[in-house]
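Before any questions on how it binds or moves, here is one chain, the form predicted alone, in structure tokens.
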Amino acid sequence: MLLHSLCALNDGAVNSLEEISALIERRNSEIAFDIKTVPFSRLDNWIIDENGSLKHSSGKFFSVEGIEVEMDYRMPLRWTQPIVNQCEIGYLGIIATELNGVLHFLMQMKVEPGNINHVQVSPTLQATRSNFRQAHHGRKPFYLDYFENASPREIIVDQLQSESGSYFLRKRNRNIVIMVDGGVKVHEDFCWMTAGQVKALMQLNNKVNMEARSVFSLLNPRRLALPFRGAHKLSSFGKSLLLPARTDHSVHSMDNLLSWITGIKARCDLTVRPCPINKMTDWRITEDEIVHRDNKYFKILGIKVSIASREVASWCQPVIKPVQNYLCAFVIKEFHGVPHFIVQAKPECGNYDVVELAPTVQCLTGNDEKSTLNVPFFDYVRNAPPALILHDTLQSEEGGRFYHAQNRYMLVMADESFPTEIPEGYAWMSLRQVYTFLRFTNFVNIEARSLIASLPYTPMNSQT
């Protein structure tokens, strides 16, 4: 059923893709919002402690703190930086049901303060523990009861997954998909969509938010898609990814890949210690921002927010505003007819388990070209001809904590001259093997999950 849904745009869909796109544009014009930057001293209900950390007066939600990092992986490094500490585990939940014989997902048209284009397609439920326990004294999020009371037979996916290890300190969310029998009331700003429609929107810039991409990456079509309805609509690339192979032609066994990633985790030394923000090296603190002295990486700002459609209509908070954007890309090469992805073992200071599996390229771009000179495969991806590019979009990062953050996401096929031997710290993996790692916590990072969710299974011209 899921494979048929992956192919379904308007065939059997409750709402056409054109109707969904029109709804997004209409709500963008209708929802009243006002977002402005303000000095830290004007952040209502936020305090600056003696260390310079920004904390909510309730002790809930999140804080912005300083850390000192020591990492020894390939070479020793040491630095200080601000980081978001949000130890709460929130919900990223999607309700699914069968309508017209096609699996549909209840998606939300959600405005986040940091979104570039305001309204983006989001999970049914996207809420921190402070939010759904109403620490803000607003209303409960819609559909919370479905997830809190879900029975084991209703649960399709239920995993803890990480978020943005360069910016968040050990942050994880509960990614959960539940199947219900029907009778779900559709509130304003919610809409039934097929997986094919969500994936079609992922081929466009900034239409589907990071949280929805994370949850959709965990829906493994090869485990959930029996019978294989809709297979005739797949592209040749989609068939090579999804249809069952008679034999396993993976370059490496799962045992070898597990040993590879475990060995890297064991060899990578990472120490993260608290460091007062007002004593961090290389960072300047003003009344309006916390910024690197060379204006690199990111800065911390304060914003005042008014959004009519939210559980609380107005509030203040600090946000991360990137100064440099990331390029995140998988290079894909076929071995014996099976597409393989170059997966990178990447340590990040906020990772719960030090090292996670990342895209082939995940690096900062922008005001420091020298920083990309020694990044493996960067030049190949950046200079790839259009014929080899399967996916190339700008996608927003988490709009609740980031302000106007978007990164470039790409899927690039390897040409005939591309080497099969790759550097230490990189490995070839089939999609089946990536999905195996996705079944567990703390293995695959959010950037890789975003790209896996965006894989185009149908011909590109059918996604418009």
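One rule holds for the numbers: they count along the sequence shown, beginning at 1. Being a predicted model, the structure only gives us computed values, none of them experimental.
The protein also exists as the form predicted in complex with a further copy of the same chain; that form is not presented, and the subsequent description refers to it.
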Is there a heavy atom of Gln159 no more than 4.5 Å from a heavy atom of a further copy of the same chain in the predicted bound form?
yes
Contact of Leu364 with a further copy of the same chain in the predicted bound form (heavy atom, 4.5 Å)
no
I'd like to know if Gly263 sits close to a further copy of the same chain in the predicted bound form, meaning any non-hydrogen atom pair within 4.5 angstroms.
yes
Might Thr281 be said to contact a further copy of the same chain in the predicted bound form, defining contact as any heavy atom within 4.5 Å?
no
Single option in Asp294, Glu188, Glu287, Asp255 placed near a further copy of the same chain in the predicted bound form, where near means a heavy atom within 4.5 Å
Asp255
In the predicted bound form, the residue from Ala345, Val305, Met109, Val354 with a non-hydrogen atom within 4.5 Å of a further copy of the same chain is Val354
Judged by heavy atoms and a 4.5 Å cut-off, are Pro152, Thr436 and Phe440 together in contact with a further copy of the same chain in the predicted bound form?
yes
Out of the stretches listed (263 to 271, 381 to 389, 330 to 338, 198 to 206), which one is close to a further copy of the same chain in the predicted bound form, meaning heavy atoms within 4.5 Å?
263 to 271
In the predicted bound form, which residues of 171 to 190 put a heavy atom within 4.5 Å of a further copy of the same chain?
Arg172, Arg174
